[in-house]
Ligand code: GLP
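The chain below stands alone and is given as structure tokens, in the form predicted on its own.
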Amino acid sequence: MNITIVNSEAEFDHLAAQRILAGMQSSRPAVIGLSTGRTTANMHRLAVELYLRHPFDISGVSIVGLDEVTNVSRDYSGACYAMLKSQFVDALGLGDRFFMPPTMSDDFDIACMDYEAAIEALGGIDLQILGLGKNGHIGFNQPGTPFESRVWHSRMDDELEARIRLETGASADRPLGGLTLGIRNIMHSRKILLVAKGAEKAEAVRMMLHGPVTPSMPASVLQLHPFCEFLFDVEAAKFIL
């Protein structure tokens, strides 16, 4: 296991941003998988700042999203598409090589197959960035998700659904969910960087790294990935120090 622990949020974001930029400079046309959330927003913005200071050739780089909220507008500020576009993609001019699951579809099963095929056509993911849920979820793969899952349409946890309904005014009869890379897709990434910060993630970090590998703790499967780095601040790592 490759575990990196840093002392400050600034150091955390800077190191994560450097990892993203290093992945973009891989020898093959790089495919970078990005995720959204409170942990990743600052590191995306910092990666852009560092690139603009020290630019390099990104003509072969493609960006793919880990997951997406469904049955909301892409213009909704909480949509993963909108966040990645504003935080990263537009500033680097990567819009024509930016691939995301749809937020709306008449058939999400077909949308899942289409998204998996699009990633396969790119040659697979070279570096996948993951956040960590307090219950151990990665993407929209909640506890109990089979490790063999592929791109699929998941239900949303109750807390997130309530927040999105409040923010969007979505009617109660419109089901909200998440179209996500499955755990099998995540594990097929050539490299993975999982990032977690804050004391509220400490127990999940402990269970992920030192608990059993089990679908009840989806992130525990990362113990089996040969090229996964775990990046924590000291608060998130307090139970493993």
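Start at 1 and count along the sequence shown; that's the residue number. All of these numbers come straight from a predicted model, not from anything done at the bench.
FYI, the form predicted in complex with the named molecule isn't displayed, but the following is about it.
Subject >> is_contact(L160, the named molecule) in the predicted bound form, heavy atom dist at most 4.5 Å >> reply: Close contact exists here: in the predicted bound form, L160 approaches the named molecule to within 4.5 Å, heavy atoms only.
Original post:
Would G211 count as touching the named molecule in the predicted bound form under a 4.5 Å heavy atom rule?
Top reply: Heavy-atom contact with the named molecule at 4.5 Å: absent for G211.
**OP:** Answer yes if any heavy atom of T39 is within 4.5 Å of a heavy atom of the named molecule in the predicted bound form; otherwise answer no.
**Re:** T39: contacts the named molecule in the predicted bound form.
**OP:** Could you confirm whether K85 comes within 4.5 Å of the named molecule in the predicted bound form, counting heavy atoms only?
**Re:** Contact with the named molecule, no.
Original post:
Does the named molecule come within 4.5 Å of a heavy atom in each of I32, R97 and S189 in the predicted bound form?
Top reply: Negative, none of the three is within 4.5 Å.
Original post:
For the chain shown here without its partner, which stretch in 211-219, 23-31, 64-72, 50-58 has non-hydrogen atoms within 4.5 angstroms of the named molecule in the predicted bound form?
Top reply: Flagged stretch: 64-72.
Original post:
Which residues in 217-241 have a heavy atom within 4.5 Å of the named molecule in the predicted bound form?
Top reply: Residues within 4.5 Å: none.
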